[in-house]
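Form predicted on its own, single chain, as structure tokens, below.
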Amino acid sequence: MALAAADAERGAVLAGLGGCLACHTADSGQPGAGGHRIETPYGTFVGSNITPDPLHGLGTWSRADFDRAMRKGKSPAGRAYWPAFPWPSFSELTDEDVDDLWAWVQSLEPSARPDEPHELERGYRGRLKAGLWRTFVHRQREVLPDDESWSEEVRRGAYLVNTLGHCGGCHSPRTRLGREDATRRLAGGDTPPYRAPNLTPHADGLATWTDDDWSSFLDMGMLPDGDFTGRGMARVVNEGTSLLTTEDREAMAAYLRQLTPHPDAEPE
């Protein structure tokens, strides 16, 4: 996307691909003001207020604070964020993309809506537990998975899928400790409330999808059978992939087509 650095409009497209408003906006709420509830096996996480309100949002944050949150998963005070906020994926964002996302955040209308506490299961409560998870589960990702034979197009697609889009957050199975299973990347999510489809080119996944199928899906959300995607994916298409350049959508498809094929995981 050939737009200037620190461009809020470009940041809005990146935020749409990342599903930022989907997680940080309550049903019928003000965009970015928080309140969306995310149900997980570890409890309920509640999206925070990311508007530039000085008391309840990010109004007192600096660009460095925002960078630390996005790429290091820590608050300005040094508190560890739970990985329900997908900083493990965002850790590999480029400086330009962080700049543009920060410009977009600053363009949001400020909201004085206070954050709500997460409602976690007993064994996962407390920031200390988030810190322990970082220490013993999260390691600096081996994403972006790379191959010397990859074209620049495939590399761009890997970045969009694995970092900005953090597609594995929904579409990869997880280990018992909640880490994305890198050995079955994008082979289908198994985290409630519903299973995310297998995106690999396996018979259980999207092996039959053509270039036209990918183009129609990423541009309009239309599936090969003429139906349209729904739930959270519809919002990712409407606010994210449909606003990308044709070249970026083709890059995403090129990367997804060369994934290692994996069958659907057997439900536990």
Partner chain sequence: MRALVVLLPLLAVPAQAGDIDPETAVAYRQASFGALAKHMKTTGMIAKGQVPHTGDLETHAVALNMLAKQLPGWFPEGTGPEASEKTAALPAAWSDREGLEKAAKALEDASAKLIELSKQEPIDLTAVKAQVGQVGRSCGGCHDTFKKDDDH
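Residue numbers count along the first chain shown, from 1. Given the structure is predicted, the values throughout are model-derived calculations rather than measurements.
The same protein also has a form predicted together with the partner chain, omitted here; what follows describes it.
A.B. asks: If we take heavy atoms and a 4.5 Å cut-off, which stretch out of 43 to 51, 30 to 38, 206 to 214, 58 to 66 is in contact with the partner chain in the model of the complex?
C.D. replies: It is 206 to 214 that comes within 4.5 Å of the partner.
A.B. asks: Flag residue 241 as yes or no: does it have a non-hydrogen atom within 4.5 angstroms of any non-hydrogen atom of the partner chain in the model of the complex?
C.D. replies: Flag for residue 241 set to no.
A.B. asks: Contact with the partner chain in the model of the complex for residue 195, defined as at least one heavy atom pair within 4.5 Å: yes or no?
C.D. replies: Residue-level check for residue 195: yes, a contact with the partner chain.
A.B. asks: Any chance residue 222 has a heavy atom within 4.5 Å of the partner chain in the model of the complex?
C.D. replies: Looking in the model of the complex, residue contacts with the partner chain include residue 222, since a heavy atom lies within 4.5 Å.
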